[in-house]
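This document starts with one chain, in the form predicted on its own, laid out as structure tokens.
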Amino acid sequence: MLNKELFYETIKSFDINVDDSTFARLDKYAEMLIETNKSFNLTAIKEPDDVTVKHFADCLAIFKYIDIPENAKIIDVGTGAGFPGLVLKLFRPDIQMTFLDSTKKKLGFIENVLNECGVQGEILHLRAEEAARLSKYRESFDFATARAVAALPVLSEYCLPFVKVGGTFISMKSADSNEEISEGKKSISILGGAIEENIVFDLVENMPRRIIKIKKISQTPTKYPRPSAQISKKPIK
């Protein structure tokens, strides 16, 4: 289902090695994504070339810009169809990945892909603001990832409580997100984080992408995250 030639051409600058078995796992995921999407809406991106570049290569760009140690503990917040978490896990099975989403059907799809590929991950069917208040998950991850789930002030309140001090929140955004980054600085600071890097790059020609690397420098105050209605109606600004 993936365009193999286009895939390798797109990731050639990433300095990563995708061997045949890794590509096979990613390709199986893409095949299951397109097939499942016929009966349950997982993605608006359906053409094989677009899926190859805009989903799979895009997620792997994380490894170009961020050093993820062996056996790193990562939570993918609002994982949806598994981007970026499932791509990261299938590329690096050593990663201890937790897939968090409030939609059980989407998590069922991810579980099916993991089983089909012989890879294990934790499936967590909860809302982010509920999970982040549980001692098992609060400030217990090396990294939190999220891909275009919400505006940065909102997203930071959902994600930063999961990250331990010294860890990193990786926010994948469109290149055109300067305003929300500016608006998000206060909330990030209040939640115990600081923007370490704001990386804009071309995935392919005329396709700019952005990765925001947010370092967790102090504990998140216990009042956060607030209930979802408060987070969405009154973002920290």
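Keep in mind that this is a model prediction, so the values were computed, not measured. Numbering starts at 1 and runs along the sequence shown.
Another form exists, predicted in complex with a small molecule; not displayed. Remarks below refer to it.
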Next item on the list: Choose from 86 to 94, 100 to 108, 115 to 123, 132 to 140 the stretch whose residues reach within 4.5 Å of the small molecule in the predicted bound form, heavy atoms counted.
Entry: 100 to 108
Check: Can we say Phe63, Gly192 and Lys215 each have a non-hydrogen atom within 4.5 Å of the small molecule in the predicted bound form?
Finding: no
Note to self: in the predicted bound form, is there a heavy atom of the small molecule that lies within 4.5 Å of any heavy atom of His55, even though the partner is absent here?
What the structure shows: yes
Notebook entry, point to check: Is there any non-hydrogen atom of Ala128 lying within 4.5 Å of the small molecule in the predicted bound form?
Noted result: yes
Next item on the list: Please run the contact check for Ala148 against the small molecule in the predicted bound form: heavy atoms, 4.5 angstroms, yes or no?
Entry: yes
Check: Can you check whether Gly78 is within 4.5 Å of the small molecule in the predicted bound form, heavy atom basis?
Finding: yes
